[in-house]
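There is one chain below, alone, in structure tokens, taken in the form predicted alone.
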Amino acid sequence: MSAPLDGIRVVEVANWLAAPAATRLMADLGAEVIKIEPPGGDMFRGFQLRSLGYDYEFPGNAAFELDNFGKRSVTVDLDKPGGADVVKKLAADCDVFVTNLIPRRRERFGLGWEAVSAANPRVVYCSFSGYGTRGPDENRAGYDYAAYWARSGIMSLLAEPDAPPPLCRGGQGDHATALNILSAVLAGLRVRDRDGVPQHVEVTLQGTGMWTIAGDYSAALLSRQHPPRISRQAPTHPVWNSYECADGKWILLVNPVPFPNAWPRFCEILGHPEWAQEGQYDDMAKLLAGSAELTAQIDPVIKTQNLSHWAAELDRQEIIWAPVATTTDVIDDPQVREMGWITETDMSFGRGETLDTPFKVYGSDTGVRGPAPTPGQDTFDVLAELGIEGDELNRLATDGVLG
């Protein structure tokens, strides 16, 4: 069984999350991915999962490994004479070149689009950054906290109306952006193979964040208004809201009104069929107008029973709902396990579970190809394949170019 990207060689000159996560997905699809790291390795190797608030002594850096499974690692010091030349040779011999170097560093090392495409007329060159390769912020660094969450507009829409903007989860924007990078590269490969010309694709954290809330931008572009935050106590619709159950678990109800007879069935579940009767909340206008009042009435009803009770009742009446699950709930979710979104692979500390490729390509050899490489473990093998051997290889090693 073959993989979709068998025979495709990817060179990654990037660090931290988004671009490496994208090339990890390319490795899942069968590509050979060569990760260029500085001496000592990608800075993300030093990230501590405990910094996210966990009270647990982790055996390794599972977050780094998740984004780097199945790669070959080559350590090169781009700041040393000859370092950039090594990477240029790799760039001239690949199908895909992915980088998150800011534009001035790309040009400094001779690794910009013009230089790489001139040396490799079949390359798909992917520029990834926080804000893009043009404009006043082309050289501004942008982690997902800044470029994806804050500057895209997402953070301004979150939390209760009077609350400060919340601290969001790091890496979420990076992994959403990784899917954009993968899509752009696959499109570039299609055009390259069809037309025989190199392709330059570009993805940014800010642009991905804007696409994530595209509905809000559709409204803002027409109205030039920023939408107000929606309070849980006064939602747009009372049954498009979350409610706390007796056991402290939360349940999300997804507006059943557009579905025939769903609102009366929901009222029956709550034991208040009168709410759907004439003179009460019997049409959409009344539901919307009475949103805060009705939410206040639903709250104590939901709190009388555990989540399991409401789950059974909502399923019986075919109402759309979901538990507000924790990560530990999700990893034991039978649906997640049946779909195979979690898999086991080799890691630096032994066998362990991790997230599998977030999509399925049935009939192809796809999936996690662990473990992640140690820094520079493939340097000499990869350079030998390029014809860099003997005295030249020894000189590079002696001069500290290879870490």
Partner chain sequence: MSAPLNGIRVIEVANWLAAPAATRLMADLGADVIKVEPPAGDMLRHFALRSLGYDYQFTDSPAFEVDNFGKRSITIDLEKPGGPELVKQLAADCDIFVLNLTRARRDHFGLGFNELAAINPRVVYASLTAYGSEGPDQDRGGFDYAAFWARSGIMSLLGEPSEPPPSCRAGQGDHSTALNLLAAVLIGLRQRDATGEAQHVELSLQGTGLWSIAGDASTALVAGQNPPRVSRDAPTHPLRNVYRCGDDRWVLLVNPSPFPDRWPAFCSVLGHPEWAGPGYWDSMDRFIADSASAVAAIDPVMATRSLADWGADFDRNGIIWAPVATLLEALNDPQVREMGWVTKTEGSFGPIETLNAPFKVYGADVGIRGPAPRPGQHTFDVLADLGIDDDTLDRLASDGVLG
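Residue numbers count along the first chain shown, from 1. Computed from a prediction, not measured in an experiment: that's the story for all the values here.
Another form exists, predicted together with its partner chain; not displayed. Remarks below refer to it.
Engineer: Should residue 176 be counted as a contact of its partner chain in the model of the complex, where contact means heavy atoms within 4.5 Å?
Structural biologist: Yes, residue 176 lies within 4.5 Å of its partner chain in the model of the complex.
Engineer: Residue-level question: is residue 79 within 4.5 Å of its partner chain in the model of the complex, judged on heavy atoms?
Structural biologist: Contact with its partner chain, no.
Engineer: Using a 4.5 Å heavy atom cut-off, state whether residue 354 contacts its partner chain in the model of the complex.
Structural biologist: Yes, residue 354 lies within 4.5 Å of its partner chain in the model of the complex.
Engineer: I'd like to know if residue 142 sits close to its partner chain in the model of the complex, meaning any non-hydrogen atom pair within 4.5 angstroms.
Structural biologist: Contact check for residue 142: yes, within 4.5 Å of its partner chain in the model of the complex.
Engineer: Work out which of 245, 87, 276, 155 lies within 4.5 Å of its partner chain in the model of the complex, going by heavy atoms.
Structural biologist: In short, 155.
Engineer: Please determine whether each residue of 15, 382 and 391 possesses a non-hydrogen atom within 4.5 angstroms of its partner chain in the model of the complex.
Structural biologist: Checked in the model of the complex: no contact with its partner chain for any of the three.
Engineer: Heavy atoms within 4.5 Å of its partner chain in the model of the complex: which stretch among 301-309, 70-78, 263-271, 192-200?
Structural biologist: Of the stretches listed, the one contacting the partner is 192-200.
Engineer: Within 118-140, which residues have a heavy atom closer than or equal to 4.5 Å from its partner chain in the model of the complex?
Structural biologist: The stretch 118-140, when checked against its partner chain in the model of the complex, contributes 131, 132, 133, 134, 135, 136, 137, 138, 140 at the 4.5 Å heavy-atom cut-off.
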